[in-house]
Each structure stands twice: as structure tokens, then as C-alpha cells.
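Taking the form predicted on its own, here's one chain by itself in C-alpha cells.
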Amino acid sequence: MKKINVGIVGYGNLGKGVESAINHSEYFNLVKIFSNRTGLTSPFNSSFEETKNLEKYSGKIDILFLCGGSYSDIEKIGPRAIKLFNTVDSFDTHAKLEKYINSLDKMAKNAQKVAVSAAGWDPGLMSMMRIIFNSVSPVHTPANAFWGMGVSQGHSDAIRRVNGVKNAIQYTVPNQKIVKRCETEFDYVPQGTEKHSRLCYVVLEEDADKEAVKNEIINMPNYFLGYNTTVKFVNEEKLKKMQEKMFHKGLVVKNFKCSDKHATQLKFTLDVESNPFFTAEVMVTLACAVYKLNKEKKFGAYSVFDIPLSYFSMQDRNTLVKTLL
């Protein structure tokens, strides 16, 4: 098949991951990387363009990967991009997902485009596991999800938006006592914010108010408010070394008894060396769904809940049934 022309908006860790995944794919051709920064170089000799010129590529790019941060970037670029392009994003602010996807759905239908949002591993793959586990024996308590220990891209990006912060990284740390209870007890339901703690390492701008920065972080809605959050201030050299390793983990587990007597455990685990590069792989996978949905003129905005599993692959249905069912 002819390669699908794609573009990337944003060239941080996630954008670089998408670039790498595209260059290892037989289905996609990278036309441009759009960024507000200048002087960028690429290990794949990709071509760069300023984001302000995005609209000039209407008709030249079939799918745009939106690789900005969820704290403020995606909600701005998504509505702009969907007017002219099919899009994939990894928007991960759980509290805003319903409103954002419903709003994007109206815009996508008006523009006759397709958007897949929240295309990552959580939200994304682990969301799929939760809905599957919760649908199996639904009379029992829902599955429990845990993140970490590992680097959260969204939370790290949110800290970097705080006035006075030069750089930052955030580790999500699961409460191991609660993890063990969820894996060994039946129908145990922990409170949401007690399942994890958040560990933040921050480099301050010169003359920044340390206490003001700390208070803004720990009281940030949708990210840190209500969690056991620790803020540690470090120098730039130490933080850069920490940012060399962007590992993360995930766990979804449901422990229950079938017919109230047969012990059963459903479990999904994920262990990645690079959070952004694995998220990028999921985004590129879901571009296959964007391609198929657009080809069938099924315009609108989708989450992983709305997409048939066969659309995750470029292979046709008969091949998938023959080889994988």
C-alpha cells in the first residue's frame, strides 16, 4: 500500500518517540515536524517547520500526531488541527477527558475528520484492560489500577508550567501495602488518592520563591491535590541525569471469586524502559485506526473504547481472524 503522509506537532521526548516509531514503520511517511523552537536537528534527518505554518500543509498531511503536553498544549492545538487534519493525541488529564473528547467530536464531524484522543498506555491500553476486567463478573468490585514506580510525563510537564520552575521530573509511586491487598484480598476497594504518592524533583529559576512553588505544586487540581506529595529541590545537573531514564510501570488487577467460591485473578502488567517512546508506539498504532475510520468516512473523535480491535492493525479482518483469533 502507498505510505500514509503524517506530521508531528511538538518535538520533546514524545515527539522524538513518534518520529522513531514512524521511521520503523512500513505504513507511514513523515512529511514535517512542527515546533515553536528553531535550530532543531533530527537523527533521522527529518524536516522541520514552525508551528505557525501548520495550515499550509493542509492536503499534504493525512494524520497529525499531537505531541504537546496535556497541561495546556493539547487543548489548544487539538481544536486548531482537527479543522484540516486527522489527528492522534495522548491527552492524559483524566478529569478533563470526557469534556475534551465530546467537544472534539463535534469539531471533527463538522470538518469531516477523525481524531483519536487519549492514545497512550494510560489512558489507553490500561483503560482497555479496566473495561474488560470490570465487564467480567460485573457484580464484583471494579479492577484496581496502579502506576509506577516511574516517570509521569504529564505530571512532570505540569510542574514545569509553574512560575519559578526551570525544570522538573515527577515519579509516581504506588503504595505497595495496598497493591499487595488488591492482589491477595477479594473485592478490596482502596481510596483513590491513597493508592499512590507523588515525588517531585524541581530545579528553581534564579530568585524563585521556594515555598510559593511548593505550595502551587501540592495544591494543583487534577495532578497533586489530595495526594501525598513530596517536593524536593535539586540542581540542574542532578535533574538532567534523572531525565536520562524515563521508565514507568503499570498494573491492573481484579481479585474475586466466581460464583462466590472459585478464586480468580485477572492481571495486566506493563514495564517500559521509556515512557514517552512506548506512548509513541501506541499513538502510531492508533493511527492505523484513524486511517481506517477516515477511509470509511466515520468522522468524529474516538477513544480506545470506541474502536474495534481489528482497527488497531493495518491487516484486514480475514487475515486477523485466520492468524490471531
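As the structure is a computational prediction, the values presented were derived from the model and not from experiment. Numbers for residues come from their place in the sequence shown, where the first is 1.
This protein has a second form, the form predicted in complex with a further copy of the same chain, left out of what is shown; the following refers to that one.
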ask   = Honest question, do H94, P138 and S310 all end up within 4.5 Å of a further copy of the same chain in the predicted complex by heavy atom distance?
value = yes
ask   = Considering S47, Q265, N53, N36, which brings a non-hydrogen atom within 4.5 Å of a further copy of the same chain in the predicted complex?
value = Q265
Contact assignment for a further copy of the same chain in the predicted complex, among I82, I101, I217, V151, heavy atom within 4.5 Å = I101
task = Could you tell me which stretch in 205-213, 234-242, 189-197, 128-136 has residues with non-hydrogen atoms within 4.5 Å of a further copy of the same chain in the predicted complex?
result = 128-136
4.5 Å heavy atom contact, S58 to a further copy of the same chain in the predicted complex = no
inquiry  = Can you tell me whether N29 touches a further copy of the same chain? I mean in the predicted complex, with a 4.5 angstroms heavy atom cut-off.
reply    = no
query = Looking in the predicted complex, any heavy atom of N13 within 4.5 Å of a further copy of the same chain?
reply = no
ask   = Can you check whether G78 is within 4.5 Å of a further copy of the same chain in the predicted complex, heavy atom basis?
value = no
ask   = Going by a further copy of the same chain in the predicted complex, which residues of 255-289 come within 4.5 Å of it through any heavy atom?
value = F256, C258, S259, D260, K261, H262, A263, T264, Q265, L266, K267, F268, T269, L270, D271, V272, E273, S274, F277, F278, E281, T285
